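So this one's two forms of a single chain, laid out as C-alpha cells and tagged structure 1 and structure 2.
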Structure 1
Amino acid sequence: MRRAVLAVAAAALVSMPTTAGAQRWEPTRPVQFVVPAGTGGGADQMARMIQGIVSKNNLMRQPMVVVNKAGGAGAEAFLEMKGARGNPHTIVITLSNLFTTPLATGIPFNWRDLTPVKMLALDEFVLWVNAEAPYTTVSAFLEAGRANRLRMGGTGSRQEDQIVTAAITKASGVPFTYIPYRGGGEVAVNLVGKHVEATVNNPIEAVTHWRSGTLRPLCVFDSRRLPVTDKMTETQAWSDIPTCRESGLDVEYLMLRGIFMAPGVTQAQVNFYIELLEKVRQTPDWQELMRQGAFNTTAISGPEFVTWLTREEERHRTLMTEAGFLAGR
C-alpha cells in the first residue's frame, strides 16, 4: 500500500509542471526590433548594438531584426506597435518622441497603448558647434547668435532637439533658425559640413566627429557633469565638458532610451525581454557603449518605470505648451 501511494505521488510530481516551467516563455520566430527614428541616430545605434550583443552571446534562439520606421516623427512605428496587439515577437526602442509625437501631431496614440518593458538608460544632450567656429564658450556662442541669427540643426520637428532649442531661446533670449533632419547621424554630418552652426545632439551621435577634431562640445544639458573621465580626444574627457547651467545657460534635458512591447502581451512574455535586456546590460560591449556615449545608466522596469513615464509625459506636456508645440497651435 505504501509503495502504491509513493508511486502515485511520484507520478503526480512528474506530470505536474513546475511554476517556473509553466511561466517560462521565449520567442518562436524572429523578433522585429522597431526603431521609430532614422538610421545613424542614438536609438538606431543602441538597437543595433543590442541586436549584435544578443547574436554574439547567443542570448536568444531566434534572430533579432532591426527595422527603422521614422515616418511622421515615429508615428508610423507607434501606430504599428499599437495595432500589433498580443504579438510578443515585436518590440520597439523609444526615445522621448514617445511623448512628443502624439502631443505635437494629435495622432491617436499614447504610451499607455503599449506595454512598458524596461528603461535601459537616459541619454544626454550636448551643445555642439563646428570645431572651426570662432566661439569656444557658451557665452561667446550666444553673443554670436544675438549678432546674427544662427541655424540649429536637429532631428525632426517639435521633438526633443527643437524642445531643447526652444528652451535655450527662452533662457537666453537668443532666437535660432531650426532646421530639421531625419536622424541624429544626419544632423552631425550637416554640422561637420557647416550647413548649420550648432546642434544639441546626443553624445553617441557626435562622439566620432569630436574624436576626429571636426566638432566641439560647449556644454551638457544636465544638472551635473558627465561622470566618464576616460579621454575621448587627446585632451578631453566627457567629464571636462561644463554643464550649461555652470556656463550661464539654465537649461536641463535628458531623454529616454526604453523598450516597449505591443499591448495585450502576457507578463511571462514581458519577463523574457526584461531578463534578456538585463543580460545585455551585463556585457562588456554594453558597458563600452555606455562609456563612449556618456549615458546616464539608470535602468528600471515594472511599477517604477510606469511612475517615471507618467511624470515625464506631464513634463513634456508643460515644455511643449510653453514652446507652442502642441497639435493645433
Structure 2
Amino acid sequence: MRRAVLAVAAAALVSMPTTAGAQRWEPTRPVQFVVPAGTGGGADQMARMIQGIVSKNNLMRQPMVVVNKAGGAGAEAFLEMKGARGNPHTIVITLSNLFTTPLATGIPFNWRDLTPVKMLALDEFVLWVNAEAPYTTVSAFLEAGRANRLRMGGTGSRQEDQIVTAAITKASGVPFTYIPYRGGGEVAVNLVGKHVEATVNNPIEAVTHWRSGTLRPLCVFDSRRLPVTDKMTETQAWSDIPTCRESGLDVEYLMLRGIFMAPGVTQAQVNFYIELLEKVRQTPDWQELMRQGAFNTTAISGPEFVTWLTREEERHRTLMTEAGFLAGR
C-alpha cells in the first residue's frame, strides 16, 4: 500500500512524458489483456491483433493472454480493473463503453479509476444505407426519415451506435427507431437483408458489403474525410465519402480504442506499455489493419490523452443526458 502511494506521488511528480527519470520495468509474469466485450467485436479483434503482433515480433518476454469479460456491457471488466490496484500485469482495451456503461448502468466506476496508458486509434463511424434504397445523399435520407419513421440498427443499447443515432435526431429533428443487435457484423447483415433502413457501422464492419455492392455509405462522422485513397469499389475510395457536416448533418463522433492499466501503478510500468504499444504501431501488420478499417490513426498518451478523455467524458454525459440514457437511480 505504502509503495503504491509513493508510486502515485512519484508519478504525479514526474508525470510529464516519459523515458528519462523513471527506471526501467518489465513484466515478470504473463500479462492479462482484458477485453470488456465479447469475442469477435472490434475491440476483441484489435486486442488479438496486438497479442499476435507482440508474439510474432517478440516484443515482450512474457506472454500476453487475452481475456474477454463482456458481462454488463463491460461493467464487470472495469470494476475488476479498478479492484486490481497496483497490479502491473493486467491491461484493458477500451471502447466508448468506458464512458457509456457507467452512465447507463450507474455502476460505481469512472475512467479516472484507471491509469490511462495510450490512445491507439480512433474508430470512425459511417452512415450506411442499403444500396437499393432510393436515397443517395444525406439530405434525401433525412427527407425520407421525416416522411416515414426509419429503423436504425446498431450494436448494443445506450452505447456508441445509439448515441450517434440520438445525435443525428438532435441535429436534424428526424426521429429513428433504434434496434439494438449483438455485434457489428450482425448489424451490417441486417441492413443488407433490409431488416433496418440504416446503420452507423464502423468502416471495418461494413466494408465487405460495400465492396460487394450491397451497402452504400452516405457520410462519415468525422471533421475531415477519411485518409485512405485506394479504390474500395470500382468508383469509390474511403476518401470519396463526404463528411456528414459537409452534407449538412452536423454530427461528429469517434470511438476511443485505447489502453488503460489498473490504478496505482508506477510511471516506469506505464512507460513500458507505452513503448510496447508504440512498437506495435510501427509494425506493417498494424498499419495494414489501420488501412483496412480506415481508422483515424491519432495516437496520444500522457497529459494530452487525459485532456482528451476529460473532454470526451463531458461530451458523452451531455449527449446521453439529452437522449435520456442515464441510469434512473
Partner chain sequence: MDQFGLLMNGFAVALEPWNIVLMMIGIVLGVVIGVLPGLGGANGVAILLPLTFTLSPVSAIILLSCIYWGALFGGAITSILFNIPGEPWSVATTFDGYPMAQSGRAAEALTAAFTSSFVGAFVAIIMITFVAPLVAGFALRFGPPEFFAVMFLAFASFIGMGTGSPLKTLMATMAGFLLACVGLDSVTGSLRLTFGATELIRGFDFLVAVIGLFGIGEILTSIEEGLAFRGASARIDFSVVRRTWAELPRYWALSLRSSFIGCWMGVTPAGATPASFMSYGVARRMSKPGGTPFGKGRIEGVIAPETAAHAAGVSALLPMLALGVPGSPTAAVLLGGLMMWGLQPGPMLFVEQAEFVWGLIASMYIGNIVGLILVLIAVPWFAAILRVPFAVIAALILVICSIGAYTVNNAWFDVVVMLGFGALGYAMKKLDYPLAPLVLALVLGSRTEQAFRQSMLSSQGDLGVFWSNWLVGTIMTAGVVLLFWPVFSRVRGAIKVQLARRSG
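Whichever C-alpha set is largest while still superposing within 1.5 Å between the two forms counts as the rigid core. Structure 1 provides the reference sequence; residues are numbered from 1 along it. Since the structure is predicted, the reported quantities are computational estimates derived from the model, not experimental observations.
- The form predicted together with its partner chain is represented by structure 2; structure 1 is the other form.
- Each of the two rigid parts keeps its shape between structure 1 and structure 2, while the smaller one turns against the larger by 15°, per C-alpha superposition.
- Core superposition gives residue 209 a CA displacement of 4.4 Å between structure 1 and structure 2.
- Core superposition places the Cα of residue 218 3.8 Å apart between structure 1 and structure 2.
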